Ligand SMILES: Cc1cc2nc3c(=O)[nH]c(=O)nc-3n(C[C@H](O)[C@H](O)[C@H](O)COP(=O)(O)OP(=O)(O)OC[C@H]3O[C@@H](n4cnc5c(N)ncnc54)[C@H](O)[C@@H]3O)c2cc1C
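First, one chain by itself in structure tokens, the form predicted alone.
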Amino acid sequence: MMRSPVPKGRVRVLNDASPQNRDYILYWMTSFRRAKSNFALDRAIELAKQMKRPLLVLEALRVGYEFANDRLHTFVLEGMHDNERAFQDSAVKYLPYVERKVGEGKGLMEALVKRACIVVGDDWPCFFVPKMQQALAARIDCRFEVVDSNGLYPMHDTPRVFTTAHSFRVHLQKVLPAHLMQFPTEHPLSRLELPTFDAPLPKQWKFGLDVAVADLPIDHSVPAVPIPGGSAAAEKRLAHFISKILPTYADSRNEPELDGTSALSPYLHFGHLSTHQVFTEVVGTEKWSVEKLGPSIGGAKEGWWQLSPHAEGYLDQLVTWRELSFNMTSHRPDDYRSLDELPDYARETIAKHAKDVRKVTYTLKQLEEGRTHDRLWNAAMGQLRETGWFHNYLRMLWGKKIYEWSKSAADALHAMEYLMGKYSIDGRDPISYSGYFWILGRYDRAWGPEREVFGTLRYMSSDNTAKKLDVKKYMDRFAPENGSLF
């Protein structure tokens, strides 16, 4: 089977060490947790074939990370079980590892690296992953590459930080076509031939998935949710979206009472599904090919793809907005979470109105429990708390109200990070941070009239939202207690 080389723009080297003449290639799977359509896996296979070595894939799950709980662990473990099945009977040795206690996995990577020629990792620019990889790269004596399999456009190919979705669309319409011819291998394990893995494994660590979440030292107060994890569930949801939702997406996506969005963000976040898989299915509904692309149209939302409004509307979310978030986090890894990186108008208006009297403020615990005077907001928080996900449109209202009810922008940011990090199966992600900072003015402009607290930041209210959208059944479902709307 012919395989295209992984594009150079997707590969970064994290250290100055050279490849070593040792036993195997080691792929440390941390973010692209799937056995298909994965440039990082493609690169590891490419190196294994070049060096005529076996390939070992390590997928590990720590218990000591921030927000470790039953919900997140269960979702990841379901994906690991899928991967175990996918790699079984293949030419690749899959090694799943789950920590049983905090710090138990310390030294595991170094032990595996001692016999590795090269280490390949996932280039993902958020949460603790980059610092964890950089720390390992500084300690090991072999080359450590990380590979970008996040989106259609390699995030490090962007020449600068884009400050608006429009400016990013202008750029994409000029440069993206070349990348639409460079997709990861859909089924890289099919008929793959590599040397057999027979190197001894370190005996200090217990590998395998024979573990009960209830026995792990994690937060058991946040239960697992009905949304299943793993590539099989991701592909099932994708098929449902394509057949049942995409045909009316433009009309239904903002309605909380409808199953009108893709709901693929948890699978994209944990890498159980790739952007390339989603893109292929979306454009496949209209027999699209790259030759049908229109000329650059100055960053307009619709018309460039030459697809239906439903497909173009979805691709604007999947490609423009999602990849815009990776643009920021990859270019500004140390300060994408900093309020100092907000645009000038936002920083100025937040400072100007910092001492405005808030009509009401809530503690983090009150927000977490959905005990505010605003029933629609409580419903959004209830959906997040109960299901691990909540409606895209209401995320904007949710964040705006948190800002309105917080003593400062820093407090609002902390509340959003905490609530999403703890309860959401798609939080701790570049697109999450784009959302938090959009609330505070990033990727936006000044709006009038100037208001108390908000200043010239975009304002949203539950009253106006309820007038535009059907929310009664939604509130009855997720905030059934009696109370006023706002």
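Quick note: we count residues from 1 along the sequence shown, nothing fancier. Keep in mind the model is a prediction, meaning the values are calculated, not measured.
There is another form of this protein, the form predicted in complex with the named molecule, and it is not shown here; the text below is about that form.
For the chain shown alone, residue 47 is not a contact residue for the named molecule in the predicted bound form, no non-hydrogen atom being within 4.5 angstroms. Heavy atoms of residue 396 reach within 4.5 Å of the named molecule in the predicted bound form, making it an interface residue. Proximity of residue 321 to the named molecule in the predicted bound form: non-hydrogen atoms within 4.5 Å are present. Heavy atoms of residue 317 reach within 4.5 Å of the named molecule in the predicted bound form, making it an interface residue. This chain is displayed alone, yet in the predicted bound form one of 98, 412, 268, 146 has a heavy atom within 4.5 Å of the named molecule; that residue is 268. Contact annotation: of the candidates 444, 70, 426, 417, the single residue with a non-hydrogen atom within 4.5 angstroms of the named molecule in the predicted bound form is 426.
For the named molecule in the predicted bound form, the listed stretch (290-298, 80-88, 387-395, 347-355) containing residues with heavy atoms inside 4.5 Å is 387-395. For the stretch 256-283, the set of residues having any non-hydrogen atom within 4.5 angstroms of the named molecule in the predicted bound form comprises 261, 262, 263, 264, 265, 268, in sequence order.
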